[in-house]
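Only one chain is included here, represented as structure tokens and corresponding to the form predicted alone.
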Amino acid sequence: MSRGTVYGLGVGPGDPELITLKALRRLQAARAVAFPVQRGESVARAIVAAYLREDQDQIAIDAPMTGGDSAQPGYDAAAATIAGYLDRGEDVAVLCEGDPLFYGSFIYLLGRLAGKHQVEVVPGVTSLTACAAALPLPLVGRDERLAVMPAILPNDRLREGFVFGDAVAIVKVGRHFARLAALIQELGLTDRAHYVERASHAVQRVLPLAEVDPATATYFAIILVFKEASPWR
């Protein structure tokens, strides 16, 4: 009996129409569908809910966003469950918001399954490109450089990104917003900074950084900073 394949599917940033045709085809053909769950909810599953078959098995991956090693047992358990399907010759589609390999949760399953099982990754529209489209402003063009950094980095590491990048994207903002806003103000770039929350979702918010109430900042947000005014901006 041939072994199954695990598909890491990028389902896009939120708009169900932004899933690729290939990802949709893999999703609907799979025997089982796996997805990360935080606080009882799965954003990735919600994106593709209308596309799921009633007879598909669903595998919830306990993946808390608290950092550290708290999510590792959930990925261990999910990898073992998925491996069971693969060993029986059944395919499993693993859903990932945005792109599976761009800060994606599928990375943790890839490390556990690759080399032992057949793996295929289907790239998706990233939250970063969705944020640029929401503004709409080009991320970079010609010879410009883009720096992408997670908000959890300390300020000295973030400053390195601002030195390198002509455009800077800070992802997973959430509780770090006040510190990030203060750093950007210190660098004199507040008037060139934009806040985009839940890009492409029905509840998307797009604001100049200076107009954001820190108490409302969410993990599902990106700050985009353009150091210079380019001709195409």
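Because the structure is predicted, anything quoted here is derived from the model rather than measured. One-based numbering along the sequence shown.
We do not show the form predicted together with another copy of the chain, though everything after this point is about it.
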If contact means any heavy atom within 4.5 Å, which of 30-38, 184-192, 56-64, 160-168 contacts another copy of the chain in the model of the complex?
160-168
Complete contact of T126, P136 and P150 with another copy of the chain in the model of the complex (any heavy atom, 4.5 Å):
yes
State the residue from I19, L209, A217, V225 whose non-hydrogen atoms include one within 4.5 Å of another copy of the chain in the model of the complex.
I19
Given that another copy of the chain is not shown alongside this chain, does A130 nevertheless sit within 4.5 Å of it in the model of the complex, heavy atom to heavy atom?
yes
In the model of the complex, does Y85 have a heavy atom within 4.5 Å of another copy of the chain?
no
Does another copy of the chain get within 4.5 angstroms of any non-hydrogen atom of E90 in the model of the complex?
no
Is there a heavy atom of D76 no more than 4.5 Å from a heavy atom of another copy of the chain in the model of the complex?
no
